[in-house]
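Coming up is one lone chain in structure tokens, specifically the form predicted alone.
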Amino acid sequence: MGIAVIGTGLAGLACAQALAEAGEAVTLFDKSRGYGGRVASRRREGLAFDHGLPAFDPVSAETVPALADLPEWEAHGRVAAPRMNAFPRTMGEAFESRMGTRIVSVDAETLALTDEAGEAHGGFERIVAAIPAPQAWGLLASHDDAFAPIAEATYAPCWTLMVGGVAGETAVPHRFAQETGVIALLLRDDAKPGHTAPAPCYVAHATREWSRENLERDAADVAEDLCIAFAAMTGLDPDGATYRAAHRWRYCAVERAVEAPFLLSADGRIGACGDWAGADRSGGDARAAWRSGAALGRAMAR
């Protein structure tokens, strides 16, 4: 018997680590094939993009001991090398994991998990849902009144553009933020410490407003529009890029959080944690996710 942790973002990994340190057996589940949740990276055509969380806030490094030795990237935060997902991958690979497994239901009596293919995963005495609030609510809404606050959490989405191998130079800094327009943040990933690539790799994060207005559009069409904004911002022509694509983060930034650092069923068998939990938002969602997961792990350890 052990504990199943659904979700391998920072909250899930922090929870798993706290449980393992207490001697608990942990099995990780994630719908993705890679660890990290929004601490994500993509490799294509020999290029690499941190298309999720671009950097760890310095305050996060104080909270997460494993980040303490990461190199500083200008004054804007800290990055993992050779890509941002190196940090969660190293942590996740220490556990038994069932990746590429989307859990769609939890049996309230047996705690058996069922994935979207209809396969059952049993043998667990406790369950942790460390996933975005709307997904956690879908799994746990009918289980215990303790999970009702999850329904209060809301997110802002973000469309992200990856452009690699585009020719030419731009006067735009390697990290450029703006408050107006289509693109809120532009980064050149191959300029980060420890990040190398045979050609420039740009990541552009659209504004919340634009992302929300275009949330349900096809990714290819969104990429075309974001490439136009990218060209206007940088003076570079993305038509000749080696790789370009858009990725939608439906649950990108927490807009309304739950005050409790985590939620736990009355019998202590099911817990929920994530970036959506915790009244202290200093340090951003990454820090909140880690603190929530670690706190739940300590609370569920025996």
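Residue indices: 1-based, along the sequence shown. Here the structure is a predicted model, which is why all the values come from computation and not from measurement.
Below: the form predicted together with a small molecule, not depicted.
K.L.:
Out of 145 to 153, 96 to 104, 161 to 169, 226 to 234, where are the residues with a heavy atom within 4.5 Å of the small molecule in the model of the complex?
P.N.:
It is 96 to 104 that comes within 4.5 Å of the partner.
K.L.:
Although the small molecule is absent from this view, report whether residue 132 comes within 4.5 Å of it in the model of the complex, heavy atoms only.
P.N.:
Yes, contact at 4.5 Å.
K.L.:
Examine residue 32 and determine whether its closest non-hydrogen atom to the small molecule in the model of the complex is within 4.5 angstroms.
P.N.:
Yes, residue 32 is a contact residue.
K.L.:
Applying a 4.5 Å heavy atom distance criterion, does residue 188 contact the small molecule in the model of the complex?
P.N.:
Heavy-atom contact with the small molecule at 4.5 Å: absent for residue 188.
K.L.:
Using the partner position in the model of the complex, report whether residue 270 sits within 4.5 Å of the small molecule, counting heavy atoms only.
P.N.:
Residue 270 lies outside the contact set for the small molecule.
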